Ligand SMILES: Cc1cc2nc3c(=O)[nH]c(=O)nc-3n(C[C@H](O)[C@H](O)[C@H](O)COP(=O)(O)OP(=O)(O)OC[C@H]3O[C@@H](n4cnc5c(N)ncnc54)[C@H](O)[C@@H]3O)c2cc1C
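Let's start with one chain on its own, the form predicted alone, as C-alpha cells.
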Amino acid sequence: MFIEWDSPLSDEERQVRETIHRFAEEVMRPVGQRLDKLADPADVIAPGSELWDVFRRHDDLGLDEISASPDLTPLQQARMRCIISEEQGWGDAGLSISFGVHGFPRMAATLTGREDLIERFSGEGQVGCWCATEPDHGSDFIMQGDRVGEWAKAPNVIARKEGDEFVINGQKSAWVSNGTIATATSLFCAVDMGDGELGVGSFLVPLDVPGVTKGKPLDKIGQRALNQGEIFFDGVRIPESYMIVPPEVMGIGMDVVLSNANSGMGSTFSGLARAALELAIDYAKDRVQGGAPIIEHQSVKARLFDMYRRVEAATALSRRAIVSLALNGPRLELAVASKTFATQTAFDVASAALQIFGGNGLTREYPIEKILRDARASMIEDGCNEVLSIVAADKL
C-alpha cells in the first residue's frame, strides 16, 4: 500500500520507488529481522555478518547520487528523497538510519565544493557517521547549539587549534550511529581557535588515524541492526582545512543539519508507521474470531481507520517538511514538527497494530513487536521529542 502523492509520479520516480521497495522488502526487512534476533550486538557487525552485504547492495543502488542528481530540480530531488526514505523506513528503520548517517561525511564534503575533501571522504569502502552527542551533552547540543558557555557541564570533546592543525581530545557518547564501524565522521564539537574561548564547529575527521579508538557496540531495546557506540579521540591531529563550519557561523550550520536530520526522521518513520498499518490489515483479514475475520468486526475497523488517518497525516507532513527544506531553506520548526509527529505516530500505530495481533503480537514469531521497539527508540534519537519541541517553539 503506497501513500500516493497529490501529483502523479514521473516514470523515473515510479521506477525508483519500485526498486527501493523491492530492496526494502526482499533485503532490508528480512535481514533486519534476523540481525534483531542476535543476542550480542557485536555479532551484527562481525566480519561474516549479513550487514556488510546489505551495505554493499545498498551502495550499488546509487540512491544518494539519484536523489542529488544535478539533472533534477530541487523539487524533484526532494520528492526522490521522500520516496527513498519512506520505503527504507518501511523496510527497516534501523538499517535506514544507518544508511543515512553513512553518507554524512560524503554529503558534507560535497557541500563544501572542495575536490580535496570530496576525494578524501567519498572513497569506496568508507562508512560514515555523525558525531554530535556526548556523555554529558545530549540536549545541550540541541538547546544551546553554538553557545558552549550555557552548557551545564564542560565539553567532552574539544578541538584546539595548533598552528595549521587541530588537535582533538575527548569522548563521544555510545549513541553515535555507525560509531564502532565508521571510517570517517562529520564531527560537531567544542572548538578553541587558540584564544582560550570555546565555540562550536564542525569538522570532517578520518577515523582510521592514530589516536582514534572505539567502544563496544551498544546493546539496546530497538533498532538493533543499527550499530551505535562510543568514539574516543586522544591527540588526533587533522589539517586546519578539515574544519568545514567555523564557530562564527555554526548557528546557521546547526539549523541546516538539524532541519535535514529531523525531516529525514519524519519521512523514515512515516514509512515505519505504514508498515505497521499494513501488517495489522493483513493480519485482521486472516485472523478469524467470532465466526468471521476480525476485520469485519466494527471495533477493529474503527481502529484500523484511525491508524490509517494518522499515517496519512504523518506522511503528508513529512513530505511537506522535506519539500520546504529543498525549496525555501531550513525551517527548523517545520522539520521538528515532522519528526516529533511522525515518530509519535509510528509508535502509536505500531502499538495499536500489536493490539490487533493480540497475544501473537507479543511473540517474536511476528514482526510487529520489533517494529514497536524500533518506533519507541525514534522518540529519543536525534533529539528527544520534548526537547526538540521546546527548541522549535523558540522559532515561532
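One-based numbering along the sequence shown. Bear in mind the structure is a predicted one, so any value in this text is a computation, not a measurement.
What comes next is about the form predicted together with the ligand, which is not displayed.
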Mind checking whether each of I3, P30 and A275 has a heavy atom within 4.5 Å of the ligand in the predicted bound form? no
I'd like to know if D11 sits close to the ligand in the predicted bound form, meaning any non-hydrogen atom pair within 4.5 angstroms. no
Applying a 4.5 Å heavy atom distance criterion, does E386 contact the ligand in the predicted bound form? yes
Touches the ligand in the predicted bound form: Y308 (any heavy atom, 4.5 Å): no
Can you tell me if A393 lies within 4.5 angstroms of the ligand in the predicted bound form, counting non-hydrogen atoms only? no
Selected contact from T180, T315, T133, S259, since only one has a non-hydrogen atom within 4.5 angstroms of the ligand in the predicted bound form: T133
Going by heavy atom distances of 4.5 angstroms or less, which of S202, Q228, S96, S267 would be at the interface with the ligand in the predicted bound form? Q228
Among 245 to 253, 220 to 228, 115 to 123, 82 to 90, which stretch has residues with heavy atoms no more than 4.5 Å from the ligand in the predicted bound form? 220 to 228
Between 353 to 385 and the ligand in the predicted bound form, list the residues on our side with a heavy atom within 4.5 Å. A377, I380, E381, D382, G383, C384
